[in-house]
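Okay, so here's just one chain, in structure tokens, the form predicted on its own.
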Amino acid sequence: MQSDSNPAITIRRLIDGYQVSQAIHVAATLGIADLLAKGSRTADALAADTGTHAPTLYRLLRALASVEILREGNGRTFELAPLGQQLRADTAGSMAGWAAFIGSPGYWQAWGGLLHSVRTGENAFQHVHGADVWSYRASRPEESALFDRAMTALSRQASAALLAACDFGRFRTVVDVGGGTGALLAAVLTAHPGLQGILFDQPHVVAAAGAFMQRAGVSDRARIVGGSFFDEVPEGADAYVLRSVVHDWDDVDGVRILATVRKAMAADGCVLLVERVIAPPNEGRDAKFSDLNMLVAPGGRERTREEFEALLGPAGLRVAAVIDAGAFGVIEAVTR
């Protein structure tokens, strides 16, 4: 990325960051990176394949080349730059799903309500749309599909770091609570052939998980269960993984979720919370902006270690360890 020693230019580029994110969103929605996977192409050819207005698509592509997503060559030809490779659907750790989601109308408009949230402490999504994110997506299959694709992308990105940080080989059965379509659980089962897994999420979310597990080659060891983690989760497992689940909820609901898991787990079991952990002052940009995302969209929050300890206690759990897993921490909790 280009840098400048002039603070006025630097702050201007930060202010205008929304323009870059929307441009990336449009490119991801159109599948530009996949069309460039085999090499350079002209803007006219890309416009023909995407059904877009060629002169206007060129304006988008040259802007993306200026921030090193693409490279522009002679004759209005374009190829992927290293950053742009991360928007290919077939790239390990692809961010295409996340890029397509963040510019979707429901999500984008909710961020426009940040000022309302800061003034009132209320959830921006609820304020803007008149419904919480879960009800909104449940009634809009296209929005739900975008969200599931985004979460799958983030799960794949986090899986390698999680598997490197945690010894899943010590468990017999792992329940992935709120596990979406199963990307994380599939990675865990693939890495540990002796392990049994249970995927648990809302019925409409796990509806497509069977096909996903089949493609991953782990369907014989993965049971899929639909339900609400406020009511009950599958019983008797020795490990319950909650990746980016508790951060979606305020403290009251967070305790409710954890208490439900505590009630279901084996006496010698543990809970693995895979969450961003808020860093000390002036550090940890990603977690602190993710915290704003929780405020705007689902209405939850990111937490410090101390705040996790305060959340676990009323649920009958305590922190046994906090493990560094790259962008995330793994808070391992056991019974009190």
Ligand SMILES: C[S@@+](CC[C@H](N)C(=O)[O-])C[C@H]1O[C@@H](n2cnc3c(N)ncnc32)[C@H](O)[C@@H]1O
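Numbers for residues come from their place in the sequence shown, where the first is 1. Model, not experiment: these values are computed from the prediction.
There is another form of this protein, the form predicted together with the ligand, and it is not shown here; the text below is about that form.
Proximity of G106 to the ligand in the predicted bound form: non-hydrogen atoms within 4.5 Å are absent; the residue sits far from the partner. The ligand in the predicted bound form comes within 4.5 Å of no heavy atom belonging to Y240. The shortest heavy atom separation between V174 and the ligand in the predicted bound form exceeds 4.5 Å. When the ligand is considered in the predicted bound form, G179 lines it closely, a heavy atom lying within 4.5 Å.
Contact check for W134, F230 and W249: all three have a heavy atom within 4.5 Å of the ligand in the predicted bound form. Residue in contact with the ligand in the predicted bound form (any heavy atom within 4.5 Å), chosen from N123, S159, S244, S94: S244. Here is the short version: of L195, M265, M213, M151, the single residue with a heavy atom within 4.5 Å of the ligand in the predicted bound form is M151. Of the stretches 107 to 115, 86 to 94, 221 to 229, 161 to 169, only 221 to 229 has residues with a heavy atom within 4.5 Å of the ligand in the predicted bound form. Taking a 4.5 Å heavy atom cutoff to the ligand in the predicted bound form, the contacting residues in 193 to 224 are F200, D201, Q202, V205.
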